[in-house]
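Listed next as structure tokens is one chain, alone, in the form predicted alone.
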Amino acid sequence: MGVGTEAQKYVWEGAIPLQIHLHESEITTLPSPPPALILAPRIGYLPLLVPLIKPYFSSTLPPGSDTVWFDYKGLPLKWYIPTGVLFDLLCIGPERPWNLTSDPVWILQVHFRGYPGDLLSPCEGEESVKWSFINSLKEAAYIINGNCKNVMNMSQPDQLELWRSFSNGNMEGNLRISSKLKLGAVGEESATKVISHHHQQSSSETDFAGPGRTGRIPVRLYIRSIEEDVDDLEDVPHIDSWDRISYLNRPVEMHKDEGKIFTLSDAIKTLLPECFEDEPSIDEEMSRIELEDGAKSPESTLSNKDPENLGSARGTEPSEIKLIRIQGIEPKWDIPFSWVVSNLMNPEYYLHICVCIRVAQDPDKIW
């Protein structure tokens, strides 16, 4: 109990090297303070770094109370998105620091004043992050089990230990407490199955949908839209507004057809069918053939779908997936989705997937 897989350990130990500068408008002394160098846990959140960062800059801050926030190249960073997800989403191509000969770190700015309340939801430090984490856990429990009773009924000591083990990077302690929630995705039951049966996954799926469970996997999908048709991710333009990113909660139902593995590709097709319009399923193709002789108006083919999502129906090219990244890696599309879920899911039981998509028109009209 509470052992975890080797891949889970890599996820928990994963960190982003940060070089954090105090914004020039808040520097009141000369010389300017040097930047803070921090290893930020991938599964953690930026506000949890404040106790480590503030000592670097406390002597130069202007008068006033702290309202801490971060930005990357002028873009305010959303505090409730895990640090690793922010990095994977905003540093897509060769700008990723370890691909450069200089600055082998992710360079951010920290602000202790002037919180942009019109762009970011309020954050009161660790307490806000804690309750955001717990609420996400409740949402995930509801998706997996159809209810969140186990999370709601957690004892105060267990809830406190769950948070402490997470914020301290204690995977074993966290899995020990979370296994009591019986969520079945990365808890005790499935972890045991994955450890003992991982070598058999080429022929069968690990069953995450135990008795009374929905068989659904909580997924948070982050879609970065680009209008340019780029062959090299180096040419992807920098994001200067969150309007270029869609943030969606879309559960994936695990389909286990006999003799067929449900892969990451299958999950992505479920999440983003708009990008696979040229690859109809067998059922869709049969339906098309059966209806081919009938007199149909063009609108009838869109009756069950939002026409705003179907670029190809208007004579434009469908959206194209340029990149999928989970926990900093770009997994092969044919990998069993059960392995991805069991090993790459975050501690609040959500699988965070970053996708870069080329859209045929203004992204506001696509998503």
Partner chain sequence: MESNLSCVSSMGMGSLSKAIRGYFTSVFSVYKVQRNDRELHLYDLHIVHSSSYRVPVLYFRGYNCEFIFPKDSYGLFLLVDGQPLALDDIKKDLPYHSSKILKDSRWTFMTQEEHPYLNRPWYALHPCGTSDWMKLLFDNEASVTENEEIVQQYLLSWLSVVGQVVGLRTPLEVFSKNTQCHVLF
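Residue numbers count along the first chain shown, from 1. Source: prediction; values computed, not measured.
The following text describes the form predicted in complex with the partner chain, which does not appear among the structures shown.
*Asks:* Give a yes/no on whether residue 148 approaches the partner chain to within 4.5 Å in the predicted complex, heavy atoms considered.
*Replies:* Heavy-atom contact with the partner chain at 4.5 Å: present for residue 148.
*Asks:* Tell me, yes or no, whether residue 172 is in contact with the partner chain in the predicted complex, where a contact means a heavy atom of each within 4.5 Å.
*Replies:* Because no heavy atom of residue 172 falls inside 4.5 Å of the partner chain in the predicted complex, the answer is no.
*Asks:* Given that the partner chain is not shown alongside this chain, does residue 12 nevertheless sit within 4.5 Å of it in the predicted complex, heavy atom to heavy atom?
*Replies:* Contact with the partner chain, no.
*Asks:* Would you please decide whether residue 127 lies within 4.5 angstroms of the partner chain in the predicted complex, comparing each non-hydrogen atom pair?
*Replies:* The answer is yes: residue 127 has a heavy atom within 4.5 Å of the partner chain.
*Asks:* Please pick, from 113, 182, 176, 138, the one residue with any non-hydrogen atom lying within 4.5 angstroms of the partner chain in the predicted complex.
*Replies:* The residue from 113, 182, 176, 138 that makes the contact is 138.
*Asks:* Which one, 157, 237, 122, 74, lies within 4.5 Å of the partner chain in the predicted complex by heavy atoms?
*Replies:* Answer to the contact question: 122.
*Asks:* Counting only heavy atoms and a 4.5 Å cutoff, which of 105 to 113, 259 to 267, 76 to 84, 162 to 170 contacts the partner chain in the predicted complex?
*Replies:* Contact criterion met by 76 to 84 only.
*Asks:* Along 260 to 275, which positions have a non-hydrogen atom within 4.5 Å of the partner chain in the predicted complex?
*Replies:* Nothing in the stretch sits within 4.5 Å of the partner.
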